[in-house]
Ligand SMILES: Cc1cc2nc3c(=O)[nH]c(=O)nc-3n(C[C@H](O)[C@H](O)[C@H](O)COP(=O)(O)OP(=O)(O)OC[C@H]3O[C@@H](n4cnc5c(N)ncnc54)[C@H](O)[C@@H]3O)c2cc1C
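As a starting point, one isolated chain is supplied in structure tokens, in the form predicted alone.
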């Protein structure tokens, strides 16, 4: 009997496979790496502590059937329920311990007051913007775009002019909302939907959601992938890892089989594709209409440290917006995991446009951790390890957005029994919106 094949063993692929198995008997998932999970993987060191090698937290979606899948096996005995995460932000050489949003009050008084006036006067809603620069000016004003967003987005992270970046690409960096006014004034003004979209609460404890965050008591977020894999095994989903797709065979506008690089052929009558669409076009032998020049990728490198002194802050994570700093985000495991030891571990992430020198950046990151106020001065780590995360994310340019849409349009025309999900098709980057999209699409098959 023909298989329902899922291509890609990241979280969206795994959840797709489980959802399909609830409707069909024969489901197979194919992943090119030796392990499932994509960005949800963890490593451990000889000191007995773990680090996440990508994404960090599991969060409920509010959709009962979907949450029953992603939270199965997540019990109080082995997982902590975190509720709202305690996020902080570093900007203007100041650590805000109450909110992860960038605090405009760190700007000079002249720029702050003029910038806030422009922000308040940006009242157009439901405008279709052509690029990120237009969107930022239309949402926050010209002054904040020049003084705030351009140095951080163009110079620190993307190395690309704002008018060449796609709409909403600032949100990946945690810059969807800003802090301004007083806490009380913000509560009042956020009652207006227009301003609720661009101003954040002054405390992580405000704006409580019914959605909960979860993290393992022992180990790392990779434990979640183990739980999902166990579900697939219990559902008799066939799992193939370490295999590349060499050919997609199409006949009469339908995919009838997939050939792997080890010459195995799997007959199928439905395919869920969760990796980049270009990979499908190549495997199917379909020439593309778009330009073929390489897309610029961003490099995400991670720096894991273990210290024998208590971390100075009790925050769960900190977003670093200081434009001259290399650090993008810091995750402070002891503050939400409480491993019961005298070891204090953290992960710092760096996003760059060129291949990073891990040894040099490791030293720079430690000096920045001291300046931010996370670790004491002159404290040497007991353990350090750095690496580059493969398959991070490409530069979110207008050119890439257009190309992805062209690829998807071509792919959909080629056959009618393939469905495209996940980060690979563009549109979403964070996990929960991707999973909700997967759930809704499969439900409507």
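Note that this is a predicted model, so its numbers are computed, not measured. Numbering follows the first chain given and starts at 1.
Separately, the form predicted in complex with the ligand exists; it is not shown, and the next lines address it.
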Practice item. Can you check 63-71, 408-416, 39-47, 395-403 and let me know which stretch has heavy atoms within 4.5 Å of the ligand in the predicted bound form? Key: 39-47
Check your understanding: Does every residue of 100, 174 and 332 put a non-hydrogen atom within 4.5 angstroms of the ligand in the predicted bound form?
Key -> no
Practice item. Please check if residue 384 has a heavy atom lying within 4.5 Å of any heavy atom of the ligand in the predicted bound form. Key: no
Point to revise | in the predicted bound form, residue 11 touching the ligand (heavy atom, 4.5 Å) | key: yes
Check your understanding: Is there a heavy atom of residue 389 no more than 4.5 Å from a heavy atom of the ligand in the predicted bound form?
Key -> yes
Review point. Residue 5 near the ligand in the predicted bound form, any heavy atom under 4.5 Å?
Key: no
Exercise for review: Scan 243, 250, 217, 310 and let me know which has any heavy atom within 4.5 Å of the ligand in the predicted bound form.
Suggested key: 243
Exercise for review: Go through 96, 362, 300, 166 and name the one with a heavy atom inside 4.5 Å of the ligand in the predicted bound form.
Suggested key: 300
Check your understanding: If we check the ligand in the predicted bound form, which of the residues in 69-95 reach within 4.5 angstroms of it by a non-hydrogen atom?
Key -> none
